[in-house]
Ligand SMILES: C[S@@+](CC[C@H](N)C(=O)[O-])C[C@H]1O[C@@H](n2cnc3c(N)ncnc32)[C@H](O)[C@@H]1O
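A lone chain, given as structure tokens: the form predicted on its own.
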Amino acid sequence: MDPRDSRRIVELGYDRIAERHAEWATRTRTDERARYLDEVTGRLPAGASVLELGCGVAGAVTQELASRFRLTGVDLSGRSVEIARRSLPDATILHGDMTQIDLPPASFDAVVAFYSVIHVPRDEHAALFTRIATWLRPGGVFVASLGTDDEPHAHETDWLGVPMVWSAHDAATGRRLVEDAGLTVERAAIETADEDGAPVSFLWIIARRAE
């Protein structure tokens, strides 16, 4: 599939299910979200500058980040951005593609990406991780969930009521691409949890840019 078509499916899908997805997230992988949110907040001082890739409509994770830090959120879905801006007027919420958006180098103490990189075509993951490394300040932390299946293009015709696409490398390759971007992986763990009756696994990465 052409990457432009893939992006369009993701964008239009989340435009249609923005609120539905936010409600679904309140009862799906909640322990996992909370634990990795704690990994972010425990590593940063109050008022740090944080970038969230795939902020959605500003669910619990995004709201907590905005309450503690100077938050910039990016999302491909215009509908999600519209809702997030109303919910978090003090945050900076940008409508754009994380692989293309122009952000200043060394401007964030942390970059977080919860369940969002999986929507980027995997051939673009290496370049995305390099961009993330440049956005981080020295010592900055990257916390993200990546896929674990060797899947160049997964497509579902009815995911929460809309077509959706995903893309991933196997876990070892995903970790290697993060390291190749110049980030030091402090922890890498596969987390498996139930999603609507089926086990789904993610590779969670915690990495740092060198001081």
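Sequential numbering from 1, following the sequence displayed. Note that the coordinates shown come from a computational prediction; the quantities given were computed from them, not determined experimentally.
This protein has a second form, the form predicted in complex with the ligand, left out of what is shown; the following refers to that one.
- No residue in the set Leu65, Arg70 and Trp135 has a non-hydrogen atom no more than 4.5 Å from the ligand in the predicted complex.
- Shown alone here, Leu76 lies within 4.5 Å of the ligand in the predicted complex, counting heavy atoms only.
- In the predicted complex, the ligand sits within 4.5 Å of a heavy atom belonging to Gly56.
- In the predicted complex, the ligand lies farther than 4.5 Å from every heavy atom of His169.
- A residue is said to contact a partner when one of its heavy atoms sits within 4.5 Å of a partner heavy atom; Val10 meets this definition for the ligand in the predicted complex.
- Looking at 82 to 90, 116 to 124, 102 to 110, 135 to 143, the stretch with residues near the ligand in the predicted complex, meaning non-hydrogen atoms within 4.5 angstroms, turns out to be 116 to 124.
- Along 85 to 114, these residues reach a heavy atom to within 4.5 Å of the ligand in the predicted complex: Gly96, Asp97, Met98, Phe114.
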